[in-house]
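One chain is shown next in structure tokens, namely the form predicted on its own.
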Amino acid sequence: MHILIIGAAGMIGRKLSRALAAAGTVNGRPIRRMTLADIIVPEALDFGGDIETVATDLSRPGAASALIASRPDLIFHFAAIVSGEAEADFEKGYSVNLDGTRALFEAIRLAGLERPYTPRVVFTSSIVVFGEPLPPVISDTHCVTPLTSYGTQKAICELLLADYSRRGIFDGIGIRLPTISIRPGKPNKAASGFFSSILREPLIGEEAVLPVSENVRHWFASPRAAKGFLLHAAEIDTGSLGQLRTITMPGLSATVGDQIEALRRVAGDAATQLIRREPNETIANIISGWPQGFDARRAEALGFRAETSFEEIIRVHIEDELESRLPERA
């Protein structure tokens, strides 16, 4: 099996790449080759098969065709401009998030015209494809009405994924990721970045800024769960999906206040005192149009799993990123 990961230099991409290299198989098929691609050169891996790292911009002419030329069997595509940046830079958002994805899908189609070629494509979408009206709990069949450019770009790609799959061009599955928290490393340009920073920074004794009300409620899963979603999507029988090729992933509905209280229970008052309230109207307006909770029974019936409490999410971060060592409790 040859696996192509587009977005391999990102946080989830790195975790997925390492997990696949360690497993060595997908659905019992040995992984003989991995191609890791991103806008910057992804890190090399300790892998027993052939591995190639590529710096490329999928939205540039010819880039997608070059990646598909070796006809990978399994393609993970989650390279994207994140929500805040896509809203701030309209042209860049559409170029990367929509045009790059369409170029990939077209490259696969054209390769199949030469000789039969139907790879599995795992595409990461987002819960921000949903907008008003927003009931407290949203099902997979709820009308997609995004209120941001990022959400619009992802919604269009979901439709493309379904149509190309319907026509047998590839075997596609889309997973709508919850907001991933706690993201390790430095903050990115996502409007949702504070959901991680208000936990991540205090856990290592640093101050964090909270730009919204503690009453804000949202849908979350950990990076560990996100990695699991992608691995499971690679192996699932897509015949069970029917025409609904994109699935909302399981997660945890929680308020910012719930996050802070979970932090208090895990790391004490000293950690929560490092959160500085600093309202930001731009971020608050973006977040206000995002969903708060989902009925994820379809995903759960298909075997997808996530955390059930924010304390669990925090402890996952400690285990995976901090080596289980916290600052001393006050």
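All figures in this text were calculated on a predicted structure; none of them were measured in a lab. From 1 onward, residues are counted along the sequence shown.
There is another form of this protein, the form predicted in complex with another copy of the chain, and it is not shown here; the text below is about that form.
Put simply, of P136, P184, P133, G205 only one has a heavy atom within 4.5 Å of another copy of the chain in the predicted complex, and it is P133. This chain is displayed alone, yet in the predicted complex one of S213, T141, T118, T238 has a heavy atom within 4.5 Å of another copy of the chain; that residue is T141. Although another copy of the chain is omitted here, in the predicted complex all of S149, D163 and Q243 have a heavy atom within 4.5 Å of it.
None of 229 to 237, 213 to 221, 164 to 172, 68 to 76 except one has non-hydrogen atoms within 4.5 angstroms of another copy of the chain in the predicted complex; the exception is 164 to 172. None of the heavy atoms of I81 is located within 4.5 Å of another copy of the chain in the predicted complex.
Among heavy atoms of I156, some come within 4.5 Å of another copy of the chain in the predicted complex. Remark: T145 counts among the residues lining another copy of the chain in the predicted complex, judged by a heavy atom distance of 4.5 Å or less. Using a 4.5 angstroms limit between non-hydrogen atoms, D99 touches another copy of the chain in the predicted complex.
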